[in-house]
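As a starting point, one isolated chain is supplied in structure tokens, in the form predicted alone.
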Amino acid sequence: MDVASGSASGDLAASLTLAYPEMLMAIGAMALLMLGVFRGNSSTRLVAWGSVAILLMAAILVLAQPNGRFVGFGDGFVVDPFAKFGKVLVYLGSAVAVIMSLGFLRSQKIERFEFPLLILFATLGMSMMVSANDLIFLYMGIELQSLALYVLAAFNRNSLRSTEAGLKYFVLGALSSGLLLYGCSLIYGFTGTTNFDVLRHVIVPGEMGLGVIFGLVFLCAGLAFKVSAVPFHMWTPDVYEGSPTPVTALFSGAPKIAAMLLFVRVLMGPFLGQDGTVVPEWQQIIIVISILSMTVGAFAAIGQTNIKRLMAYSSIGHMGYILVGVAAGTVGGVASVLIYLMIYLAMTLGVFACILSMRRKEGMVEHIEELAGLSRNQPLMAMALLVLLFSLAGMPPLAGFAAKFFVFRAAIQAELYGLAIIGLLASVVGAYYYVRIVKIMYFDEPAEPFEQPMSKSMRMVLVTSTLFILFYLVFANPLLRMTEYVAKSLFL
């Protein structure tokens, strides 16, 4: 693969050209903040659509960057096909989350201009995470994202559940940051560097030393919290349930993708070694976390009655499936992770578009039993939700089946047969709670009809995600070639 490379470390101007998308978001967010301050909450919709425009323009800037691998800011910031793919996915996920939030904020009387700005600042942190090539940049990106997300979780100040969700997320997030920083300090102390490129050559299999191994364990623990992998998942159900629903939709999409891509970059960069020789040193950790996440996500969701809590455990399970591809430690494994993340984003945004559109006189519908008779009251929404739930369950020929097929194939090619078998069994168990929702929608006695039809923006999100899931196989080959190209760029 012909990939150009370059370094802009000694030239500030050249480094800044690599960060044009991040600069656009930072400057745009500051400008929109001033607009909101002077015009008040009446400017919320203008600020929201301005944030969407900035995110889309940032995505265009990313796509316009030259192909190849370029580093800047002291070799701590990298722009390569992997980073470009991740940024576009994150920007689209955040933009859709902003669009989906508008109606909800107005109906709940919490329409404040700070909401889209917090998403914009969080996305700036996610963008830094995806391009991190140094432990310092890694931490800066994570904290910039996390500080904004803590506030978003507690955004509905009049709700006790939302305040509790924000507090839990903040306390546990601070703990995970401490673990991550301790791991980074151990790695730096025993290697003398924080740069990923240098670490890749310094770390030698069999000679890592106990300090580096401990540092890697703590680093993985901190990153596992960010992707809500077991046993660092304890915050996820409570925060998902307590946060405003658009915030839950955001949590399940862009931040998970950014954290997982950072996880992949760390393991496939500094801890890959020459020709993948260091992979066995961390592979066991990822296998254990993956198995625990898949099984807990499958079994713990069975007894859930709140659809947001169910989606939390669903998210935990899906992170486990994605970690199957990470555990493979190969180009095929990384390519399967990228495909899965792309499909997962479409599935979750579609499901949350349905959840946000389910309203009755007494408020939002959050309990699964209240979906009874949805097929008669809203047949098109029920059909779209059926497609999305079957895809989440991994049923062929939908996109969710292809996502699981590729990660399990990567595990088998890496001779991780036990991991692939456990994943298949967990997927079968997990299908139960998705099918149960479909049974309630189509066969239970109808409940009170919903109050209002879907908004145009919500309908657009739902239709787009459903069509992508339905017709994924039509354009699967170009996407496969693209993800393989992106994955190969990470191993250069």
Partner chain sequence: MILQAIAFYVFSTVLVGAAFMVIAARNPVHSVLFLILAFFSAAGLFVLLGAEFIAMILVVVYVGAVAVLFLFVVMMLDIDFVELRRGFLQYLPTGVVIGLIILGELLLVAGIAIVTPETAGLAAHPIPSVATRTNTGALGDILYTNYIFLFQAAGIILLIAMIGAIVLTLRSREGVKKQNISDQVNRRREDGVEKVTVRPGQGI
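Not measured: the values here are computed from a predicted model. Positions refer to the first chain, counted from 1.
In what follows, reference is made to the form predicted in complex with its partner chain, a form of this protein that is not presented.
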Contact assignment for its partner chain in the predicted complex, among Met260, Leu349, Ala148, Leu389, heavy atom within 4.5 Å: Ala148
Interface residue in the predicted complex among Leu144, Ala382, Val198, Ala420, criterion: non-hydrogen atom within 4.5 angstroms of its partner chain: Leu144
Residues Leu175, Leu219 and Val264 all lining its partner chain in the predicted complex, heavy atom within 4.5 Å: no
Partner-facing stretch of 47 to 55, 438 to 446, 420 to 428, 29 to 37, counted where any non-hydrogen atom is within 4.5 angstroms of its partner chain in the predicted complex: 29 to 37
Contact of Phe299 with its partner chain in the predicted complex (heavy atom, 4.5 Å): no
Contact test in the predicted complex: Arg359 vs its partner chain, heavy atoms, 4.5 Å: no
Contact test in the predicted complex: Lys109 vs its partner chain, heavy atoms, 4.5 Å: no
Non-hydrogen atom contact Glu114 with its partner chain in the predicted complex at 4.5 angstroms: yes
Partner contacts for 44 to 82, taking its partner chain in the predicted complex and a 4.5 Å heavy atom cut-off: Phe73, Gly74, Phe77
